Every structure is written in C-alpha cells, then in structure tokens.
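Take a look at this single chain in structure tokens; it is the form predicted on its own.
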C-alpha cells in the first residue's frame, strides 16, 4: 500500500508498506529516510528538519550531480537532495514487492546552478531487501561530468561494536590527511574517519553485534566510509553531540577517479542493493 502524506508544515512524503517491509520517502530529493523489515536499516537524526530547501540529516540523501565539493560552483553534494521529485510510477507485482520511480528533470533553478538539460530517475524496489537504481540521462547537446553517491546512514548499536569487511587491500584517499593509503584488514572506528576507496568490486559487509548488512553496488568502483566522531559531530547541524555513536555512512559512489562523462543522450545507472541478515 502506498500513501502520499504531508507533515504539519506541508512537507510531502510517501509511506510505503507491503507484507515484508515498510519505508518513508520524501518527495524532496527522493530521499528515503526510513526502511525497515524487522528493524530500521537507516539512521535518522532526532533533530533533523523536514523543511523545503533544507537537506534531511540521515536516511539516504542523493549526492548529485556532484559528490562533496568536486564542483565548487555547486552546493556541497550538489542540488538534487533539496529539489522536488515527481512520483511517476508505482507497481505492486506481489504482496511482498513494491516498485516506485521518482524523477527530476532540469528546470530554471537547476540550470542557474548547472547549465545542462538532464533527466534523473530513481527506481526503488522495496521487499525483504532494498534496491536503488539512480539513472542519469544527458538530454543536452554537450557532454557533462558526473560525480554522485547514495550517502547512506546505517543505524548501528554503537560505533565501537561494528566493523566493515570487503575493502581489505583497497587503495583509498584519507580525506582527513589528504594522503593515499591501502586498507589493512577490517575497518574499525576509534576516531573521525573519512575515506574514499577505489577499485571496489566486492560486496561490502557491515557487521554489528546482532546483525550483518550487505551492500552490493553496480555502476561504481568507489565507496566512501565516514563517521564524524566527537568533535565534528558536536559542530554539525541537525545532529546531537553523541549521534556519531549510532550511525556509520557507507556510500556507494562515483567519486574522485570514478567520475563519469556522459555524452549527449547517454545514460549511466548507479545501483545498490541492501540486505540485512
């Protein structure tokens, strides 16, 4: 069942429920801020605002058409996460599968920031796993360069209880030290962590005390792992001072060396599937 809802301030979102899963998706940014089977996969800040033009802190923000500050002429992480998408397709093929598609096309506001014609579509498959397919089509007469990410905030029991497997031996940029390194063993957390991994081709596993979440990505060879830790967390907007203990970001991306150049009428799809065991 799919229900279109509004918060008291008029902020629009979609509530989706089938026999095995439930999700909430903001039309602004096509932003999934809740997905659960038995428990919520995603972390959402208790102090996050749901207001037009302001990014939601938590869930799965879409960083597009730029990741981070790859394009200094754009807002950080691009503009898609604060623009309204339209719901263009809904399908419920079985009682335990729901399909939705949301679309953003260029408009006067987007062209004032990034002067290209484009179509961006997010296809969501909601079942006992969550699959996202973000397709960019260049509708312009000139090529453009694209960096992007699913900036996924995973809910965890505690940052010191978790480790991440699947990135062993991979080269990465330590964004805090601006140095290139090689990952040695599993990723664990004892301080602020911000790293962009390259040559990623395997499924990544987030291992917590009582559950394991897997992240399988297509159309990407880069992945970002981030936790702000104590000092940065206390300075961030829409985030409580101790929130760093309850989430980790593992971001399926086309970032840094994994950027894409789309020629006129060419498309690219970044896809990810999340499964909890």
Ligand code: BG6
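Numbering follows the first chain given and starts at 1. All figures in this text were calculated on a predicted structure; none of them were measured in a lab.
One more form of this protein exists, namely the form predicted together with 6-O-phosphono-beta-D-glucopyranose; it is left out here, but the text below deals with it.
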### Message
Residue-level question: is residue 153 within 4.5 Å of 6-O-phosphono-beta-D-glucopyranose in the predicted bound form, judged on heavy atoms?
### Response
yes
#### Entry: Any non-hydrogen atom of residue 229 within 4.5 angstroms of 6-O-phosphono-beta-D-glucopyranose in the predicted bound form
no
### Query
Would residue 145 count as a contact of 6-O-phosphono-beta-D-glucopyranose in the predicted bound form, using a 4.5 angstroms cut-off between non-hydrogen atoms?
no
### Query
Any chance residue 186 has a heavy atom within 4.5 Å of 6-O-phosphono-beta-D-glucopyranose in the predicted bound form?
no
### Message
Between 194, 106, 133, 165, only one gets a heavy atom within 4.5 angstroms of 6-O-phosphono-beta-D-glucopyranose in the predicted bound form; which residue is that?
### Response
194
### Query
Looking at 128, 94, 157, 76, which has any heavy atom no more than 4.5 Å from 6-O-phosphono-beta-D-glucopyranose in the predicted bound form?
76
### Query
What stretch, of 44-52, 219-227, 205-213, 31-39, brings heavy atoms to within 4.5 Å of 6-O-phosphono-beta-D-glucopyranose in the predicted bound form?
219-227
### Candidate spot 67, 81 and 236, all three touching 6-O-phosphono-beta-D-glucopyranose in the predicted bound form (heavy atom, 4.5 Å)
yes
### Query
Which residues, if any, of 47-61 lie within 4.5 Å of 6-O-phosphono-beta-D-glucopyranose in the predicted bound form when only heavy atoms count?
57
